[in-house]
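What follows is a single chain, given as structure tokens, in the form predicted on its own.
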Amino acid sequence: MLSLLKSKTEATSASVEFEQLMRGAYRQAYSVAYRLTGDSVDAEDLLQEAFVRAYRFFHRYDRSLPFLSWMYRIISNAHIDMVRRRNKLRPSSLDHGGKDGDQALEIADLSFCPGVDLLNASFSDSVQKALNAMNPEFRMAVVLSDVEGMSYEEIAAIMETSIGTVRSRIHRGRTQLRGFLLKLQPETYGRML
């Protein structure tokens, strides 16, 4: 009986600790998720999936490492899974509704999303479009480096790869980003890049 009470107390303590860490990491995690997906709904879905995974495997979290770095790795893996799943999904027409064609599809009104307004203030549409067009691994490396300001070592740990690979992905990602920006708005970015 004593061991059961002790395990319940430990589980409650871990839940409280996880919630506190999650609250502290939410804004930065959402920012990264939004930059990876380019869409507020997808970012929230990605973040929800990442936090569920983090909670499920919180017992494996090494408390000597920063929680946010651990979360970035989970977000990165969840994003890769999301991209793979999306490639397997078959789109359906809004005109035909559900399976039987009679149901109307409900579309969320995203005209008011306070977090999106804040993020959009710091990135132009063309930069976000260019990020969305990039290879997902390059995008993750560029976002973690140039938006989040992380070191190559931190990015390598998050992406579970070598520092050399991180450098290569950042270089190739920046090259892709530059190319996309020059295509989207040559008059604006031709002078800057």
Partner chain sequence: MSRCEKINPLLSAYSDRELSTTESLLVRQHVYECESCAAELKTLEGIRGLMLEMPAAPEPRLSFDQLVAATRPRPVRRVPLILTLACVAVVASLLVPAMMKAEKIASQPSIDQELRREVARDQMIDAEADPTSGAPLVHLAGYSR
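We call the rigid core whatever largest set of C-alpha positions still superposes within 1.5 Å between the two forms. Residue numbers count along the first chain shown, from 1. Quick caveat, the model's predicted, so the values are computed rather than measured.
Although not depicted, the form predicted together with its partner chain is the subject of the following passage.
| request: Look up in the predicted complex whether Lys183 has a non-hydrogen atom within 4.5 angstroms of its partner chain, and give yes or no. | output: Output for Lys183 is no: heavy atoms all beyond 4.5 Å of its partner chain.
| field | Contact label in the predicted complex: Val147 to its partner chain, heavy atom within 4.5 Å | value | The answer is yes: Val147 has a heavy atom within 4.5 Å of its partner chain.
| query | Might Gln128 be said to contact its partner chain in the predicted complex, defining contact as any heavy atom within 4.5 Å? | reply | Output for Gln128 is yes: heavy atoms within 4.5 Å of its partner chain.
| in the predicted complex, Leu47 touching its partner chain (heavy atom, 4.5 Å) | Because a heavy atom of Leu47 falls inside 4.5 Å of its partner chain in the predicted complex, the answer is yes.
| said: On the criterion of a non-hydrogen atom at 4.5 angstroms or closer, are Phe51, Arg167 and Ile170 all touching its partner chain in the predicted complex? | reply: Every residue of the spot touches its partner chain in the predicted complex.
| request: Quick one: name the residues from 13 to 47 with any non-hydrogen atom within 4.5 angstroms of its partner chain in the predicted complex. | output: Read in sequence order, the residues that approach its partner chain (within 4.5 Å, in the predicted complex) are Glu19, Met22, Arg23, Tyr26, Arg27, Tyr30, Ser31, Tyr34, Arg35, Ser40, Val41, Glu44, Leu47.
| task | Determine, after fitting the two forms on their core, whether Ile170 shows a C-alpha shift of 2 Å or more between this form and the one not shown. | result | No; that C-alpha moves by less than 2 Å between this form and the one not shown.
| task | Superpose on the rigid core, then tell me if the C-alpha of Lys183 is displaced by 2 angstroms or more between this form and the one not shown. | result | True for Lys183: a C-alpha shift of 2 Å or more.
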